[in-house]
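Here you get one chain, nothing else, as structure tokens; it is the form predicted alone.
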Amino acid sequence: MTAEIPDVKKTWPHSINTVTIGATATEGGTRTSTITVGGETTLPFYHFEGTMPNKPVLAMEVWDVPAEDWPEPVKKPFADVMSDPGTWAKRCVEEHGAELICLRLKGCDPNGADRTPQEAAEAAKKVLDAVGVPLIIWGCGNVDKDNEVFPVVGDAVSGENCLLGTISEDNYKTLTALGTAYKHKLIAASPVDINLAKQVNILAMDVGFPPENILIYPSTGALGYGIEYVYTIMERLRIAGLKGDKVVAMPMLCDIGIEAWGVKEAKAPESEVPGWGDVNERGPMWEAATAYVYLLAGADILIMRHPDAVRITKNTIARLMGGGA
């Protein structure tokens, strides 16, 4: 007698919000394409239990200044275009298939080049002029300087429906006002803590910013560096959203490249770590493996650096979504 396998499929009462980034000419912008993420009714890639109407997408990272501190293997594919963010972005899109561009305003850091808000706005315009994909604009990380920069940049890209980041308890008032005034979406950042993630979202919502215009950034750790803890936080956020907690029913974003290429395993030359293999292959694989884990945790947007890692991850997404080889 053969035992029957019980039907234990799980269904959820709610879905994750959908968020669209970018605006075409008919929508008041200049983008030739838009990106929509979210809308899941199930856990990542559980196609047998629910739907994932929008596949995860990949953004490639561009700086407003040359990324001199990038490890050589990831700097090499862009070394000849790093002096111009527009040309750099164009290579990412046309040669490497980036679906979005993440412009990181690293040059505005007061401890670095300390570029002005006007220079940051000029960099954003160069990227918009060079490519037709939607734009993520990421501040320098200094709250005071970002509060000076984003009003100018947000105005310069008004109507383009960009994704601005990141908001925290220290700057949410500035960025929510800009998002409302200039019609942009926002990234809500929190340090690997569900309650803090909720708190930032609540603060934004309390000043009238729609939860449907927010993505959650729950922090990111590289493979081998706390990734399993971040995974559990993301999993719990997704489950809470599917259960009906509207405060966390948002798509999630992970900043892969900056973390993966910051660890020894990805960037140390083989001369320093005999037996680890060629860093030109090891580094991209470390980034791709990091990205893969976050796809399974529920990431909807991944920000990446190396073209090989992007290619591998795009192929992985296609296979997980039911297509590809």
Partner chain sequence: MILIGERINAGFKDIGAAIREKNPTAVEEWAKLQAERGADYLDVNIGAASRDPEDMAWLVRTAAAVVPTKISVDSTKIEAVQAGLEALDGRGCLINSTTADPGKLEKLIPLAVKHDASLLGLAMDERGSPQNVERRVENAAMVFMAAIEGGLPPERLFLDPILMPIKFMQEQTLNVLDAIEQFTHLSDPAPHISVGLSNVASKATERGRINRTFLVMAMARGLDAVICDVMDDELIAAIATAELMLNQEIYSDSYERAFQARRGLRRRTT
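Just so we're clear, the structure is a prediction, and the values are computed from it rather than from any experiment. Residue numbers count along the first chain shown, from 1.
We do not show the form predicted in complex with its partner chain, though everything after this point is about it.
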- Task: Given that the partner is absent here, state which listed stretch (195-203, 86-94, 156-164, 131-139) has heavy atoms within 4.5 Å of its partner chain in the predicted complex.
- Result: 195-203
- Of Ile227, Met82, Ala240, Ala121, which residue is found within 4.5 angstroms of its partner chain in the predicted complex when only non-hydrogen atoms are counted? Ala240
- Item | Selected contact from Glu212, Asp245, Glu72, Asp114, since only one has a non-hydrogen atom within 4.5 angstroms of its partner chain in the predicted complex | Asp245
- Query: For Lys76, is any heavy atom within 4.5 Å of its partner chain in the predicted complex, or not?
  - Reply: no
- 4.5 Å heavy atom contact, Lys173 to its partner chain in the predicted complex: no
- Message: Does any part of Lys125 reach within 4.5 Å of its partner chain in the predicted complex? Heavy atoms only, please.
- Response: no
- Query: Heavy atoms within 4.5 Å of its partner chain in the predicted complex: does Glu148 have any?
  - Reply: no
- Message: Heavy atom within 4.5 Å of its partner chain in the predicted complex: which residues of 169-185 meet that condition, in order?
- Response: Glu169
